[in-house]
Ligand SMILES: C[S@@+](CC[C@H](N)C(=O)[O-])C[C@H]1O[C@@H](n2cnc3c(N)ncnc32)[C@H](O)[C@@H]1O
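Taking the form predicted alone, here's one chain by itself in C-alpha cells.
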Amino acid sequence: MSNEAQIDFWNGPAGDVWVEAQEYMDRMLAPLSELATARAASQANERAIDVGCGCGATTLALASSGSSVWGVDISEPMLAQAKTRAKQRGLNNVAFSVTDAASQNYTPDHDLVFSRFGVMFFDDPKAAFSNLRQSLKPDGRLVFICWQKPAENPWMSIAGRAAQPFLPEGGAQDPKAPGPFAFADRDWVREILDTSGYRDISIEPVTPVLTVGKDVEEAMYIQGRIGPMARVLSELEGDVREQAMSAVRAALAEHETDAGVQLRAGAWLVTACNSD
C-alpha cells in the first residue's frame, strides 16, 4: 500500500504553509475540532491514536483528559511543530511519529482511533481502515470528522466560484480520489467502514459557522495560502490575476460581520466500533 504522492506533497511547501498558518487554522477549525474531540470522549486511562494529527491541535486536546495519545502524520514539518507545542506545555502523555497510518504496524491495545480531516488522503481507504482497526481493542472505537461536498462548504467554495471564471479549465477528477472531499459521499464512507470490519457506524452531519478571517484581508491572505486563491496566485498573472482577486474579495466581503468573515461549513462526524 503506497501513499507516496501524499507523502511528497505534505513534506514539501504544503507542510510549511500549514505550519505557518497553524494558529489561524486552529482558530478557524475550533468549532469542528471541539465537536469531534467531545464525541471522542477520551478518558485518563485510555490510549488513543490521532491519525493525520498535523500540527497537533487535536492531539493536545485529547491528551488534556489525561489519556495517552499517539499523533501520527506523514508531514515532518507539521510534526516538528506538534512536538514543539507539546514540549511547551510540558506534556508527557503524548508521542508523535512520522509514519503513514495506512501501513503502520499496530498493536491491538488502543481504545480510540481519532482523526480531524486526516483520513481522506488514503490511496486505498478500505485497506487503510482495515489496518487501523488492527490497533483497536475488541471494544475500541473510531471517531473522525471529514468534509462533505464543496457545495456544502461555502467557507471554501464561495471563493472558488468567484475565481473559477478566470482560471483555465481543469480535467474532470474522480470524486473519490485522495483529497479533502474524498469522503463527501456518505454512502461511500459507510461502505469503506463496513467493508473494513467496523460496526455500529454513525455518520452525522454537522454544519457550524466558521470565522474564516477577522476581516476580508485576513480571509484573502489565508485563502491564498491554503484555499482556492492559492491556485489564482500560482496560475494567473497581471490583470487577470487582479480581476480574480477582486472577484474573490467582493464575494468574501458579502459575509463580513462585526465578528469577522463568517461562512458555513459542512462535515460528517463519523463514529464506529470495532467488530471483534
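We number the residues from 1 along the sequence you see. Because the structure is predicted, anything quoted here is derived from the model rather than measured.
Beyond the structure shown, there is the form predicted together with the named molecule, which is absent from this document and is the topic of what follows.
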Would you please decide whether residue 99 lies within 4.5 angstroms of the named molecule in the model of the complex, comparing each non-hydrogen atom pair?
yes
Would residue 72 count as a contact of the named molecule in the model of the complex, using a 4.5 angstroms cut-off between non-hydrogen atoms?
yes
Heavy atoms within 4.5 Å of the named molecule in the model of the complex: does residue 140 have any?
no
Is residue 18 close to the named molecule in the model of the complex, meaning a heavy atom pair under 4.5 Å apart or at it?
yes
4.5 Å heavy atom contact with the named molecule in the model of the complex for all of 10, 78 and 122:
yes
Pick from 229-237, 36-44, 52-60, 206-214: which stretch has non-hydrogen atoms within 4.5 Å of the named molecule in the model of the complex?
52-60
166, 181, 155, 117: which sits within 4.5 Å of the named molecule in the model of the complex by any heavy atom?
117
Just give me the residues of 244-263, first to last, that have a heavy atom within 4.5 Å of the named molecule in the model of the complex.
none
